[in-house]
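The chain below stands alone and is given in structure tokens; this is the form predicted on its own.
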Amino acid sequence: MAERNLDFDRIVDRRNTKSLKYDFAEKRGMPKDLLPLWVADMDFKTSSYVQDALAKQVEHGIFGYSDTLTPYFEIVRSWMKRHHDWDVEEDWLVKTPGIVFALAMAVRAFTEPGDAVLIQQPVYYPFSEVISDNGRKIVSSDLYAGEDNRYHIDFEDFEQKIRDERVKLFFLCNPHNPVARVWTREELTRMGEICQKYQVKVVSDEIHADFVFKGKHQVFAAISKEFADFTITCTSPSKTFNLAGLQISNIFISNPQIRETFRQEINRAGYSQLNVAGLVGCEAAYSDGEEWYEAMKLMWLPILNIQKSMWSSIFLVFP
């Protein structure tokens, strides 16, 4: 069966479809005809293979409690290996209804009220929300803009903040949203060594890993076994394949003790199985969505070429 949804010039009317960015503008005090550019939510259809898999599930007509078996993991494992040269094991996988949920669970599992959690501003705003909403202290080692029109890490400030604030947990955004930096292996290694020195656990949000257009995404936990031992790696097909509404994320934790503590916090939140649509969508995207994914990336290249003349640091796109 051929991929059908490769026409990225086709305009799809999303109004009156319960779309957050179109149908809720007025409720948020904005003009109803506003063109929304504020959320990572693409305005073209996902892979037809995903649509067909979901339609088949709907046709079955039963939406009871569902979970995954080994074939699901093998599909996810293959994507991570093919695209990011990362070997993951089935025991490491914890599925959650989103990465922000996983961030909140990590805050509650590995810190106490009043503890400091480090971020790197400017960064995706829910990072701050899940810290403050859980009664923890936000500490930021701010990124700075260099003369090369790229954001950089102030490593001295990074270490000082961790030491002086007694940071317990670090939220790494890798690649970074919204400054569009694809962190190099050297940058990640230096941050990892500092975290290892002060026994700081790292939650690495790698949801935009599939949108690197120049260079290569480096999985933080793949740098060394030592780094993996204190890292929670958060991945999802939701941004890549425009599946955010299906609420599916794959969290990888190789350290058994950290993984069990994380699972226990999820249990305390009263959460168990994911919705079956998310599981089916993820499987279909990662197993059959390659052609759509590659075509989608090619669609962005003319835009990137224009942006390069303005900002040399643009290596990825947040649709």
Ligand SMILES: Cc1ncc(COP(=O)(O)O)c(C=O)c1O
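Numbering starts at 1 and follows the sequence shown. Please read these numbers as outputs of a predicted model, since none were measured by experiment.
Another form, the form predicted in complex with the named molecule, is not on view; read the next lines as being about it.
Novice: Heavy atom to heavy atom, is residue 111 within 4.5 Å of the named molecule in the predicted complex?
Specialist: The answer is no: residue 111 has no heavy atom within 4.5 Å of the named molecule.
Novice: Answer for residue 280 alone: is it within 4.5 Å of the named molecule in the predicted complex, judged on heavy atom distances?
Specialist: Contact check for residue 280: no, nothing within 4.5 Å of the named molecule in the predicted complex.
Novice: Does the named molecule come within 4.5 Å of any heavy atom of residue 177 in the predicted complex?
Specialist: It does: once the named molecule is placed as it appears in the predicted complex, residue 177 has a heavy atom within 4.5 Å of it.
Novice: With the cut-off set at 4.5 Å between non-hydrogen atoms, does residue 258 touch the named molecule in the predicted complex?
Specialist: Judged by the heavy-atom cut-off of 4.5 Å, residue 258 is well away from the named molecule in the predicted complex.
Novice: Using a 4.5 Å heavy atom cut-off, which stretch among 152 to 160, 72 to 80, 223 to 231, 205 to 213 contacts the named molecule in the predicted complex?
Specialist: So the stretch in question is 205 to 213.
Novice: Which listed residue (167, 219, 130, 99) meets the criterion of a heavy atom within 4.5 Å of the named molecule in the predicted complex?
Specialist: By the 4.5 Å criterion, the partner-contacting residue is 99.
Novice: Identify which of 86, 183, 92, 124 has a heavy atom within 4.5 Å of the named molecule in the predicted complex; exactly one of them does.
Specialist: So the residue touching the named molecule in the predicted complex, by this definition, is 124.
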